[in-house]
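In the form predicted alone, a lone chain appears below as structure tokens.
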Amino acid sequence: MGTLDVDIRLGLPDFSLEVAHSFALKGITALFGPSGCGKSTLLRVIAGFERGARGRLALGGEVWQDARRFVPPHRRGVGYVFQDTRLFPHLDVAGNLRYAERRAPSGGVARSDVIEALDLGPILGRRPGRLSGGERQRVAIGRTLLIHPRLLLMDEPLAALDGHRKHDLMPYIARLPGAFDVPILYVTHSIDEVTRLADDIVALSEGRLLAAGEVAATLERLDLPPVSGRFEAGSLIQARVKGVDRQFMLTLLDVAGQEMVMPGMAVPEGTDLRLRVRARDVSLARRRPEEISIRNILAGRVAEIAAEPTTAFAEVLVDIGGGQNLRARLTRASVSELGLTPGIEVFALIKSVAFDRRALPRRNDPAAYEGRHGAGARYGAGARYGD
């Protein structure tokens, strides 16, 4: 399919959007930023819902919009999942799916595949009023998939759900690109959703592009204001489960050839995990500490330091090997007293309870998302560890 090339400007009475970017159409790309930054507006422009936008928009070389041409929404072949599910209240789940199926092009997605992938079988006979919020959203996603979209646009699909239902629904969303061969642009203001679902991130601020790239690399960049805000700034690290300490109920991890531990969770040995570590939860030492309660001590080298002259703080990027980095937020006084400079060997200290306690297996682990009663359910809302 190639790329989605966007060079768009839209002026509204109290807001302007100006974005030029080439989206690589693979997996899930998160459109991320605070409320009012232009995420949903950009999604509407891509869908063709904003006729006032000016510029050029093309999918894989097929021009959807320029100075001479405007392709209407129904001819762009995109699917749009809204915050509110917009199901027909007078039809049961099966009826809502049949409605979409009748509008689908021939040779599209099989209804049975959608039902199985989204675990809709047990609720086919219910009307929307008898469904939970998560169930309604699964039906809405299924209905959209049945029109066989070339591109799936999701506008904060979890925003109306409580925490438990959000975490229950994420594994279903994570497996959609692979199961249905459809790329997704996913709007959210939740860094948790970004780190658990997205391959790439496009961050907006006040209608402009702030940063774009692979999620882990973008979140750890020190030359940008933290994409996720100072409080949530941090790193993503890849880990592999290497065993379990049953006596003390710990999960043993391998990270870039170094051992880490976290409170025990029901994850099979060999599972790959993607863990988020906040910069404020990382401390640094020049020598390996002894007789200390912190279990995770990773050797590394200082890769980069970005001081904030107008505050007491500095951000330090530590290379822990294997192409992985940790971000640490320290006081500038600590940086000075430790004599930190790029290239210096350090030890990064992370409390075992500091990991994001809803970490999920990576999406490319096939065993991790086998449906509601498989591993994906166990690792979702049921994975509670660390207080």
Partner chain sequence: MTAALDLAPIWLTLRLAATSTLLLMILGTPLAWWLAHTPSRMKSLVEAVTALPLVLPPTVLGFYLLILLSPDSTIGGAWISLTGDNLTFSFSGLVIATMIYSLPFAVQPLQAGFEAVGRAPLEAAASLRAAPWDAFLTVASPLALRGYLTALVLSFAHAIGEFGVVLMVGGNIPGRTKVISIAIYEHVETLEYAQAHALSALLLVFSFVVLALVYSINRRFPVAAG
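Note that the structure is predicted; figures quoted are calculated from it, not measured. Between two forms, the rigid core is the largest collection of C-alphas that superpose within 1.5 Å. Residue numbers count along the first chain shown, from 1.
The same protein also exists as the form predicted together with the partner chain; that form is not shown, yet it is the one meant from here on.
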Query - Val78, Leu317, Val194, Val202 - the one with a heavy atom within 4.5 Å of the partner chain in the predicted complex - result: Val78
Query raised in the report: Only one of Ile147, Ala160, Leu209, Ala217 has a non-hydrogen atom within 4.5 angstroms of the partner chain in the predicted complex; which is it?
Result: Ile147
Report task. Within 4.5 Å of the partner chain in the predicted complex, counting heavy atoms only, one of 291 to 299, 89 to 97, 265 to 273, 209 to 217 shows up; tell me which. Result -> 89 to 97
Query raised in the report: When you measure heavy atoms, are Phe49, Pro73 and Ala104 every one within 4.5 angstroms of the partner chain in the predicted complex?
Result: yes
Report task. Could you confirm whether Lys351 comes within 4.5 Å of the partner chain in the predicted complex, counting heavy atoms only? Result -> no
Query raised in the report: Is His167 one of the residues lying within 4.5 Å of the partner chain in the predicted complex, judged by heavy atom distances?
Result: no
Report task. Although the partner chain is absent from this view, report whether Arg143 comes within 4.5 Å of it in the predicted complex, heavy atoms only. Result -> yes
Query raised in the report: Counting only non-hydrogen atoms and a 4.5 angstroms cut-off, does Phe82 reach the partner chain in the predicted complex?
Result: yes
Query raised in the report: Can you tell me which residues in 19 to 37 come within 4.5 angstroms of the partner chain in the predicted complex, by heavy atoms?
Result: none
Query raised in the report: Under a superposition restricted to the rigid core, does Arg301 display a Cα displacement of 2 angstroms or more between this form and the one not shown?
Result: no
Query raised in the report: Superposing on the rigid core, does the Cα of Pro128 end up 2 Å or more away between this form and the one not shown?
Result: yes
